[in-house]
Every structure is written in structure tokens, then in C-alpha cells.
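The chain below stands alone, shown as C-alpha cells; this is the form predicted alone.
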């Protein structure tokens, strides 16, 4: 039972503490337990509680201005806020569909996902993704959506040709693949080529930046680190820094203008853009800017990567160190030389995470498909060098202990 959080530490009811090397679920950015956030939340609740999402409030307007002016590709981009990452993706897919219907192309309804991906826990988001363990048991309830390669952009053209470009609404992908692949970064030409193919076929490009947005990769938004500009961004997690449940969908004006000129509407979620959540999120982003934490995510991410390389470059059970900024991961295998995975029954990534937690460090287990087992590091941007040393050393110990247990 966690009873208190402060800085990069979580404290338990038994008096112990553990290092939050995963930022929870790659969420925390400004650090835990900041009193100025509690003050903003209290002041917001003293003014307003629930206000239906179609009304404006000062906090909602201020957050739109903060995000559009400082975080998006252009200040003209439109914003709508929701309650979290899964809702962000769900709403982004609906926006893409409504755009085509309003533009006279109702036959465009398919969303192309990727063969290794995770976009959230709603049925729509699970349909767009391919995370085998998180889809398990729900397969018959999911919509069949076309999939393409996570590393070969040319395969997208083949999928579009097979499906028919006139039937495709959007393509969705994470700039860096998080939960499904343990911080996998595609080849340098991947995203620019994907953007080019989508534009040529009038397919909207949705960047799932739920993990990579708001500074995590050392750039304002993750797509900037991968050299492309999407049409729609879905991003949560870092927007509220873990202090409030909030996410959002952000679009270039041309995406939403046809919808605004029609009788179509993007139905809101009941608690979308809650006033207190918007006030807190605005303060979180203000702190990130004023304390230059995006640059810190870049520099500390480089340090973390160096330490991971030093520790695991020749480890027999680590096949890869990967990631950008403060989203780093390591792939876990039974045999580095052959790439043989651990038996799925061993749940090796989860086992490593569990052992590390017993040793005082939380790391985020991940992986699916060909990336069977991995762990990720996504600490608060306020992390210090000593914390990085501790998380890397503990992870090494956890992997070695897990290998001995499985053997």
C-alpha cells in the first residue's frame, strides 16, 4: 500500500520506500508531491466543481492556450480534453472518421494500425492495436482493422493498395512504441516516409503520443524527435503529470473545419476537460517550461542510455538497449546469441519487475509479440544521476536473480 509520494520516491504503509523509475506508467514528469499543485487544485475546487464539457471555463481556455501556444506544431491547432490516454485515442479515431464523413467520403472508415502496438484499453483502441496479452479474451469483440509493419514503411503502401485507399480513414502509431515493445525506436526514415505515404493517399496520420508527448523524449512532443508532423495527436499522461486524470486530442485546423461546418458532433465524455484537471494540467506544463524540464529529460535520458549501455552491452540476457529521452527500455531474452525468448509461462519481464520492486525500484514491464519480454524506464524529469545509477544497478541484479529462478 502506497501512502505517500515525494520527488522520485513512493512510500509504503510499512515504512519502506521505492524509487519510481517507471514514472508510474510512464506518467510522472515534474516529480511527486509538489505542494504548488495541491494549492492549484484546492483553489480550483473552491471556485468550480462540475461544469458540462460544452461550456467554457477559465481553466479550460487557459489550458487550450498553454497547449496550443507552447506544445503543438502550430498555435492554430485545435484542442479537446478527455479523461485519459485510452479516451484520447478513441476520440482521435472518431475525429478522423467524422472528418471524412463531413468531407463527403463516408466510405473511408478503416484505421491502419501496426503489427506491434498498444493504444489503450477501450474496444476501439484495442482494435487499432495488437498487444496480444491485453487483447486476450476480447478478440471476438474487437473490430478487425488492417495492420502494417512497425519498421518497414514501404509495407504501408502495399496494405493501402490491398485495402483500397478510398476505404482508409487514418493511420495510427506511437512515435516510439511503449508498452507493446519496450521503447522501440523505428529506423530514421520510417516516420517521414509514413507521413509522405499518408499525405499522398489523403489518409489522416494520428500520432499516439500518450507516452511520448509533453517532453518525454526530450522534445516538446515526440513526433518532433522523429522528424514528422501528424494531422492528429492523442496525448495524455504527461499532460497532467500524474496529478489528475486528463488527456487530449489535438488537430490541425483543416481536420476539424469540415466537422464544424456540418451537423456532425464529437460527443463528449462526461468528465472530459474537468475544470480542476485543466487547472492542474496548466500548472504542470507551466512548471515543465519554467524549470526547463524538457531539456532535462533530454540530458538525463542521454545519461540513462549511457549507463544502460555500460551495464548491459554484453549481458547474455539483454538483446537490445533502446529508446529516446527519458523513455528507455531493454529487451530480455533467454539467449542473446540466438535471440531465443524466455518461455511465456515464465512471465520473465514481469518477474524482473517484481524482483526489482522487492529491491526498492519500480520499473515498468512491457513487451508483446516478437518483443516478448522487456522493461522500461520513464522516471520523472527531475531524476538525478544517483537515482539513475540505483535503478540501473538494481535492474541488473533483478535480471540476474530472475534468470537463476527461471533456470
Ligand SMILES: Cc1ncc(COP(=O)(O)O)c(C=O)c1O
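Everything numeric in this text was worked out from a predicted model, so none of it was measured. Residue numbers count along the first chain shown, from 1.
The protein also exists as the form predicted in complex with this ligand; that form is not presented, and the subsequent description refers to it.
Asks: Taking this ligand in the predicted bound form as the reference, which of 92, 281, 210, 183 has a non-hydrogen atom within 4.5 Å?
Replies: Answer to the contact question: 210.
Asks: Out of 113, 215, 85, 230, which one falls within 4.5 Å of this ligand in the predicted bound form, going by heavy atoms?
Replies: After the contact test, the surviving option is 85.
Asks: Please tell me whether any heavy atom belonging to residue 274 falls inside 4.5 Å of a heavy atom of this ligand, as the geometry stands in the predicted bound form.
Replies: Heavy-atom contact with this ligand at 4.5 Å: absent for residue 274.
Asks: Counting only non-hydrogen atoms and a 4.5 angstroms cut-off, does residue 237 reach this ligand in the predicted bound form?
Replies: Residue 237 belongs to the contact set for this ligand.
Asks: Can any non-hydrogen atom of residue 120 be found within 4.5 angstroms of this ligand in the predicted bound form?
Replies: Judged by the heavy-atom cut-off of 4.5 Å, residue 120 is in contact with this ligand in the predicted bound form.
Asks: Given the stretches 286 to 294, 143 to 151, 183 to 191, 77 to 85, which is the single one in contact with this ligand in the predicted bound form, using a heavy atom cutoff of 4.5 Å?
Replies: Careful reading of the contacts points to 77 to 85.
Asks: What residues in 160 to 180 sit within 4.5 Å of this ligand in the predicted bound form, counting heavy atoms only?
Replies: Result: 174 alone.
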